[in-house]
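The same protein chain appears twice below, in two forms, each given on its own as C-alpha cells and labelled structure 1 and structure 2.
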Structure 1
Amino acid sequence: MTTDVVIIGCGPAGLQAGIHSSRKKASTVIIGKLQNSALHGAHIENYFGISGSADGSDLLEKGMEQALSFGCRHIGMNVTAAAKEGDLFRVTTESGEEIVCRSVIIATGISRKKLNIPGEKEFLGKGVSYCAECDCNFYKGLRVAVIGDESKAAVSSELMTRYASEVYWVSERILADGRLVDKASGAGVKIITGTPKEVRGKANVESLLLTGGPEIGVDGVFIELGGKSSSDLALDLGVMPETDDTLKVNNSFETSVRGVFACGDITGEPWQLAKAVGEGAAAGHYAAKRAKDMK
C-alpha cells in the first residue's frame, strides 16, 4: 500500500505526530507497540494541565484512541526494514507487510540495548556482541546464544544459523511475529525459554547461565533486545546518526534526508513527555505538509 506518512514508534512523540498528521488530512500509518514506549508503566507529574499523577499507560491508550479517531491506521508490530526509493520510502513490518510513503517519521525513542548481567561488560568483544549482522562472520562453526524476545532476536538468530554450528534463542516470552519465529525454527534455531543470569568464561565466553540453574555452553552471546534499532533504521534511510545514537533535525524536525523526520527522545535530551509531544506535533505537521506538497 502507499500512504502519505508512516510513523515508526508509538510513544507520545509518535502518537502526537499521528494526531497532527491525520488532522491535516494526510493518510497516516503508525507502526509500533504501545508497551515498548518508555511512558508505558510510568507515572507523570510534570506535564502541563495534569494535577497529581497520571498513569503513562492510560495516556498512551487515550493518545492511540485519539489518533485512530482522526483516521490513523495502527500496526502493532516492529519494523524490520526501511529503505529510500527515490523521493519515497518503503517500510517493512515483521509480518512482511510493505508500506510505501512520502514522509517517514522516526519516533522510536532510545532503545534499551543492554541486559546488565554479570559478565556482559567484561566479555564485550570476547564473545558478547550487540550486533549479529556485524559480527556473525567471527562465529563460523561456533555455538552462540541470541537473547531477546522480539523481532531483532528472531532475525538475528535466523541469520546466525548461516554461520554458527548451534544457535540457541533464549527468550523469557517470545513477542515476535509468528512468521519470524517459524523462519528461525525452520532454519534450525533451538528456542529456550529462560532468563539470562550471567555470561561466564575465562579469556572468552564459554557459557550462559540462566536463572534457575541451566547453563548453556556457547562461544558467543548476542544481545538483541527489542526491534531493529532506531540508528539502524536511520542508516537504512540514509540518515547518519550521532555517536550517542541521537538524530539531528532542523526546525521542521526533518533530518539531513528530505522526507525523513524525527521527534521525541531520539533527538536528544531532555527525555521528557512535554518535549516528545511538542516535537511530535511539529514533526507530524511538517511530514504531512511534505507529503501533500509532493502530490
Structure 2
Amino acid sequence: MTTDVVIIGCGPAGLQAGIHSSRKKASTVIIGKLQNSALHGAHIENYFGISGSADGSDLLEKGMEQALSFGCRHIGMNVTAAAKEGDLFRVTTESGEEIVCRSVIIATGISRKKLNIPGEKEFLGKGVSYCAECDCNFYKGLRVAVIGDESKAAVSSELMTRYASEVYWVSERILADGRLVDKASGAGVKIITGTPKEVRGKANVESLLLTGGPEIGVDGVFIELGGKSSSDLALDLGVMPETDDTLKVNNSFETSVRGVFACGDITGEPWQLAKAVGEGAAAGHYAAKRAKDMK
C-alpha cells in the first residue's frame, strides 16, 4: 500500500495529527492500538472545554471516530519495522503488511513499560534489559527469557535465537499476530504460559520465578512489553534520540530526518493532553504539506 502520511501511535497526538492530515486531503494511515495510549483508562480534569472529569478512553474513541470520518484508515496493530528508502519510508506491521509513505509521524510516547516485580530494578544492566535488539550480543551462548504478550516480545524472542543457547518466551496470553508466533516457535523459542513474579540472582541474573509455576534458570531477562519502542523506531528511520529517549524537532515538528515528524510525549515535557493535541495538529499539518509538495 502507498499513502501520503503514516502516523505511528493512537494517542491524542497521533489522532489529532490524523485529523489535520486527512483534512488537508492527504491520504493518511494511523497504526496502533488505542489501549496502548497512556490516556486509555485515565481521567482528565485540566483540558480546555472539559468541565469536571472526562474519561480518557472515551476521548480516544471519539478522536478515532473523528479521524475515520475525515478519511483516515486505521490499522489496529503494532509496528515491527520502519525504514527510509530514498525520499520515501516503508513501515511494516506485525501482520507483515507494508505501507510506503512520503511522511511519517512518530506519536508513540516514550515510556518503557515495566513489570514492577522484585529484582527488575535491582538487576537492570546486570541481566535485565528492555531492548533485545540493543543487548543481544551480550548473551551469546547463554540462556534468556523474553517477557511480553505482543509483537515486540515475539520479534525479540526470534531475534535472540540467533545469539542465546536457549530462549524462553514467557507470556500470560499471546496477543501477537500468528505469523510472528509461528516464526518464533519455528526458530526454537520455548513458549511458557505464566506470570513473572521475581527476577533472582546474586551479582547478576540467575533465574526467573513465575507465579504458581517453575523457576527458570536464565542469564538474562528481556522485558519487551507492547510494540516496538519509539526510540527503536526513530533509529530505524535514521533519527538519533536524545539521551532521555525524546526526539528533537523544529518549529514544524520535523526531526533531523526530512519527512520524519514527531509529536506528543516523544518530544519531551510537559506530558499533558493539551500539549499532545496541539503538537499533533501541527505535525499533521506539516507532514501532509510535505507529502503533497512531493507530488
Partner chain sequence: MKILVTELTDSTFDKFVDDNSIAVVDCWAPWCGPCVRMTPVIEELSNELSGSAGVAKLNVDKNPAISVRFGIRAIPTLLMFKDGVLVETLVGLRSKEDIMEYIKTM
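Structure 1 provides the reference sequence; residues are numbered from 1 along it. The structure displayed is predicted, hence computed values, not measured ones. Here, rigid core means the biggest group of C-alpha atoms that superpose within 1.5 Å across both forms.
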Of structures 1 and 2, which one represents the form predicted on its own? 2
When the two forms are laid on each other by their rigid core, does Glu122 show a Cα shift of 2 Å or more between structure 1 and structure 2? yes
On a rigid core superposition, would Ala164 pass a 2 Å threshold for CA movement between structure 1 and structure 2? yes
Shift in Å of the C-alpha at Gly186 between structure 1 and structure 2 after core superposition: 2.4
